[in-house]
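First, one chain by itself in structure tokens, the form predicted on its own.
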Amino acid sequence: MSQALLASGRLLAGWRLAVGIAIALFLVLVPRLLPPFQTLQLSYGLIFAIAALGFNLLLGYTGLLSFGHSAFFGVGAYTAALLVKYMGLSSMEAFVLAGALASAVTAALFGAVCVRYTRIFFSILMLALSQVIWSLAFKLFWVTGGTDGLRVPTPTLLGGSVALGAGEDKLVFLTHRYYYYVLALFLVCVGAMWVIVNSPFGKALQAIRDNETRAEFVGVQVRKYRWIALVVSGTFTGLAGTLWVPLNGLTTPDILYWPFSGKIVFFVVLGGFRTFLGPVLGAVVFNYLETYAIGFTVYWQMVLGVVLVLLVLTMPAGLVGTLAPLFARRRRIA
């Protein structure tokens, strides 16, 4: 019996490795296999997937639902935009470092107020604090550009060694060089998050999620661990915002508003917040659904809403949470 289980475990591990290699190979070949528009959409999907990974550390592994993650995404985006406007920087590495740091500081301040609360109280406090950031983006219009926003030109990559050449098509640059830059950071974030959730720290977060009282009795410092989880989650989300803004070319207060937080929540719920890769798939799928709904009809909000409601009703565990057991059952039958 034990040998059969061991063989089954090895088969499952081998299958997962093969699928992972196939997906990684596909992602590397995307600019050669897909047209520029599809590559651009996948870049957006990968960026949103980084935000979803960060958010899922809080929801799926710590058990805290936040309606304020648009603040971290927006802080990352605005940090890059402000560096362009007021310091004249164009280095993507400077944007990434500054955006991640600013988002981490924002998350640390939010956490100092919020982590002593749980459930709906935590969610509403995060929402309220994020709306403070949103209102500041409007009120300080002489700094942030107000509703007009701030433009961010195409940055230089890898310390300036990779840049948009004279006469080079910006779309080609974004769908090739910048795509690979996003892909590299995405893979780094996936690897880093995998290490985090499988570390003793990650196991402690899961213990807090499952039974806060029991975790506290065995010595876990619940508030401290929640605060660290929020800081890490905010840093990932802020990094996503920093990567998003050069691709979009413009940042406005819309990304700080609460509906954008709801979109991040839906990434995770759609893919399956009880799984590691569910949020990644959910972010990519949601981005494509939204893009094609907008192109299909002026009533795209209604169409997208109906599709998403049907997906949630038919797949309450999310895409990965529903499909993974089906594939496992088919492998056992085979």
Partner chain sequence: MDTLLTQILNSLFYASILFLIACGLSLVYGVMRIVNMAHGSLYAVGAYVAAWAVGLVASYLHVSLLLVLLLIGAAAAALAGALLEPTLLRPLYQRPEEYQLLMTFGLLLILEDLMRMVWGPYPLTASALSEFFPSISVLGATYPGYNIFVIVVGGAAAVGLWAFIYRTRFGILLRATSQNMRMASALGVDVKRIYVQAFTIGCLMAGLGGAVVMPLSGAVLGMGVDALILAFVVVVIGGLGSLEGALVGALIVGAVRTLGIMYFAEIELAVLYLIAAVVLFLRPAGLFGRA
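Residue numbers count along the first chain shown, from 1. Nothing here was measured: the structure is a model prediction, and the numbers come from that model.
Keep in mind that the form predicted together with the partner chain is not shown, yet the notes after this line are about it.
Remark: residue 121 counts among the residues lining the partner chain in the predicted bound form, judged by a heavy atom distance of 4.5 Å or less. The partner chain is not drawn, but in the predicted bound form it has no heavy atom within 4.5 Å of residue 225. In the predicted bound form, the partner chain stays beyond 4.5 Å of every heavy atom belonging to residue 44. Residue 289 falls outside the set of residues with a heavy atom inside 4.5 Å of the partner chain in the predicted bound form. Contact with the partner chain in the predicted bound form, judged by any heavy atom within 4.5 Å, is made by just one of 164, 84, 129, 185: 129. Put simply, of 89, 125, 190, 232 only one has a heavy atom within 4.5 Å of the partner chain in the predicted bound form, and it is 125. Of the candidate stretches 44-52, 277-285, 59-67, 24-32, only 59-67 contains residues with a heavy atom within 4.5 Å of the partner chain in the predicted bound form.
The partner is not shown here, but in the predicted bound form the stretch 136-156 reaches within 4.5 angstroms of the partner chain through a heavy atom at 136, 139, 140, 142.
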